[in-house]
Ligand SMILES: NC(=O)c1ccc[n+]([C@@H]2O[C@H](COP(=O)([O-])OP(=O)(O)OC[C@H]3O[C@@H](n4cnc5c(N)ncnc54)[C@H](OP(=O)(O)O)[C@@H]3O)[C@@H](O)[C@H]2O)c1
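Just the one chain here, the form predicted alone, laid out as structure tokens.
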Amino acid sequence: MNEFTFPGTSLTVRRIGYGAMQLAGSGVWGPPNDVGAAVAVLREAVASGVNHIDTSDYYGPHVTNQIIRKALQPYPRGLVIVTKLGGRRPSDKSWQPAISREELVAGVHDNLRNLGLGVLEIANYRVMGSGHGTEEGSIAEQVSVLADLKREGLIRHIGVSNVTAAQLAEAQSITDIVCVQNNYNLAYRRDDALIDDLARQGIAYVPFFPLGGFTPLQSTTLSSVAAQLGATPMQVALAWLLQRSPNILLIPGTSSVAHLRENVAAGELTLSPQTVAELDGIA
């Protein structure tokens, strides 16, 4: 229940990981106000048993990966760092696609350099739609570049992010896919069928914005259930995801040690079938 092994690999992670995006400054741009505090959060995460960290070199840009390296290198045995490619942050602080072969190759080398790694354990190709949501369109060219880099030994395993079922199938026709990272949470459940299909295949599903992202989840039902259980609403939302399907891995992000501890503790929360049914009504 509490661990997951990525398909076709020896990588086993605890199902509650850590998303590093919030380690950067405001707007995921530049350094944080307190680098020491960011380092402390990462070290606390690993000390608490977290062995799955999600990041990207375009967070900051470069800043988040450099903080991970500062905090954790030499990396503890068994730590799985998952990064993503396909985006860039120009000086206007916008989020733009970076999908040419040259940009993807450069992105791999940026991640390797700033993380201080010789190979990326898992690299996700992140589709940057026009509105940053999912939208149909071939991703064969980009996934093929990652497959080439895998053959060259710069990437061990490949995942995809912000994809449709059709794009996932296209990616799987090119290379093995070990994880899918899409927007999903208690209130946003467009991927229900996809999650079930991935579970049958043994592939990890990693919801980004598990707590609502830039617009945190708010629900009177969620608050009521949390009060009954003596937990926080966000702990209940994470516990619901863990019980939703055994292939779901969580990467909640925070810049606070106290909040990190709350997130990790959500793994000890058990929801009754009645409570799950009540929470299902939120969607």
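This one's a predicted model, so the numbers in the text were calculated from it and none came from an experiment. Numbers follow the displayed sequence, beginning with 1.
What follows is about the form predicted in complex with this ligand, which we do not show.
Segments offered: 222-230, 32-40, 246-254, 66-74. Contacting this ligand in the predicted bound form at heavy atom distances within 4.5 Å is 246-254. No member of the trio 7, 150 and 175 reaches this ligand in the predicted bound form with any non-hydrogen atom inside 4.5 Å. Using a 4.5 angstroms threshold between heavy atoms, residue 21 counts as touching this ligand in the predicted bound form.
Under a 4.5 angstroms non-hydrogen atom cutoff, this ligand in the predicted bound form has residue 54 among its neighbouring residues. In the predicted bound form, residue 86 stays away from this ligand, with no heavy atom inside 4.5 Å. Proximity of residue 210 to this ligand in the predicted bound form falls within the 4.5 Å heavy atom cutoff. If you take 222-238 and check each residue for a heavy atom within 4.5 Å of this ligand in the predicted bound form, you get just 234.
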